[in-house]
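So this first bit is one chain, no partners, the form predicted alone, shown in structure tokens.
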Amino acid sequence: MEYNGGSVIAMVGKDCVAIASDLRFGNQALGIASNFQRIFPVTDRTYVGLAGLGTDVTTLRERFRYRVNMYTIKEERDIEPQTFAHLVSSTLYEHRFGPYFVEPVIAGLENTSSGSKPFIAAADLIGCLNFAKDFVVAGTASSKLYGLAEGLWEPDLGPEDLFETISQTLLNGVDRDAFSGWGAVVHVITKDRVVTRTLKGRMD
């Protein structure tokens, strides 16, 4: 899991959700690229972040894309975040005897009768889901991100405050981890739009 490095975090706000990752791709302590994409759109309002082995990140991204497209054709509607989380779980569990070395993080807005409800979840490499009402983390800096998020996160943050909180959590968390860092990308998902920002980080 630590071979290529990288970390992902997702946080819940008031009628919004944010997901962020660092941009480093390395070969253990050797840095190779500072623009590695770990977060991918599933639908307009659902994103998945994949922390772990770089080759498995690419493989799983394509596998999820195929399965989501098949679901959309069959059901004639977009997949909901919670349904997608179970799709991720079953895909990983199918390969439990030779698992993908990836820890997925799912973030999105669930359509409910009362409007949009924030949803976040994370899974381990064999698909055991972890649902949360505040934040989830994955990757090599996860233990540092837990501590920072615990201190900085508050309930019912607006989109801008949520962006500030997740950015500070990620940037300061990866500074304490040799295998993560080199900048970050943050997606804030609201019911109207998705705002994506790229952040500069320490390059040492």
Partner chain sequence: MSSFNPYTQNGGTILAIAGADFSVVAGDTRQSEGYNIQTRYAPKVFRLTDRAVLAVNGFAADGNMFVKKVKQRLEWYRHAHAKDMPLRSIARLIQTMLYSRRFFPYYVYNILGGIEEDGSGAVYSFDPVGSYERETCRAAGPAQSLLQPFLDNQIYFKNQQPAPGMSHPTHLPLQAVLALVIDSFTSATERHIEVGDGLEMYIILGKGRGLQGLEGVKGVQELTISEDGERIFVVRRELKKD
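Treat the numbers as computed from the prediction; the structure is a model and nothing was measured. Positions refer to the first chain, counted from 1.
The same protein also exists as the form predicted together with the partner chain; that form is not shown, yet it is the one meant from here on.
Contact with the partner chain in the predicted bound form, judged by any heavy atom within 4.5 Å, is made by just one of 43, 55, 34, 168: 168. Among the residues 39, 148, 157, 60, the one placing a heavy atom within 4.5 Å of the partner chain in the predicted bound form is 148.
Screening 61 to 69, 22 to 30, 47 to 55, 173 to 181 for residues having heavy atoms within 4.5 Å of the partner chain in the predicted bound form returns a single hit, 173 to 181. Though the partner is left out of this view, residue 135 does reach within 4.5 Å of the partner chain in the predicted bound form, counting heavy atoms only.
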